[in-house]
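Let's start with one chain on its own, the form predicted on its own, as C-alpha cells.
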C-alpha cells in the first residue's frame, strides 16, 4: 500500500522545512493542502498532482488524501507549523488510522514567533487558539483563566479574523486579572515569512489593529522582561 505523509512545513520557507519534510514532499505523487499553504511551497510541486481547498474544508482535504493513498499513490498532506498542533494529524488519524501513515513534525508558529522575539518561551508555557469555530468560547475562556492563574507564558493562535473581532480583547481582559499591565507582549505577523512584522509591547499597550489571523501573540509570565529589544522569560539560573 502507498503511504500518507502528514507534513509540517513550518513557515513554508525552505530554511524552515526539515530535511525529512522535504524528502516526504519529494517522494509523494500527490500533495494535498489548504490553498495558501500550497502556494508557500509551489516551487517544490513541479510534476505532482495537487489537491487544494479553501479554508474550512479540512475534512474534505483529509478524506481526499486518504482516498489517494488507498488508490496506491504516495501522498503528502501539508500543514503550516506542526501538523500535530492545530494541524491535520489528528483529523487524519480519526478518519482512518489503518493506512500507512508518517507524521512529519514542523516548526510551530509559537516557536517561529519566539525566535524573532528573543526567548519568551524559556519556561513553562501553553498554546491557546482563540478560534471558536470548533471549540465553544466558554471552554476557551476557561482555558485562558486557568493558564493565566497558573502563570504560564501564553501563546495565542488565531487571535482575530473578520468574523471574530472581539475574542482577542476579551482574552486580554481575562489574562489581565492575573498579570501586571506592564507584562511584556510580543506580536508577530507572518513569522519567518516575507513581510514579517514584529511588535514588542506590554499588556496595557496592545494595539489590536496590529493583530489578524496571520499573527501569533506571546504574553509573558510574571517574571518575563524586555532587554535590548528582546523578550526574555528567565529559566531561573543564578547569574
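Residue numbers count along the first chain shown, from 1. These numbers were taken from a predicted model, which means no experiment stands behind them.
The same protein has a further form, the form predicted together with another copy of the chain, not shown here; the description that follows concerns it.
- With respect to another copy of the chain in the model of the complex, the three residues 14, 122 and 151 uniformly fall within 4.5 angstroms at the level of their nearest heavy atom.
- Put simply, residue 105 is close to another copy of the chain in the model of the complex: some heavy atom of it is within 4.5 Å.
- Taking the partner from elsewhere, residue 58 is found to have a heavy atom lying within 4.5 Å of another copy of the chain in the model of the complex.
- Another copy of the chain is not shown here, and in the model of the complex it never comes within 4.5 Å of any heavy atom of residue 168.
- Under a 4.5 angstroms non-hydrogen atom cutoff, another copy of the chain in the model of the complex has residue 94 among its neighbouring residues.
- Although another copy of the chain is not shown here, in the model of the complex the stretch 130 to 159 places heavy atoms of 134, 135, 142, 143, 146, 147, 149, 150, 151, 152, 158 within 4.5 Å of it, in sequence order.
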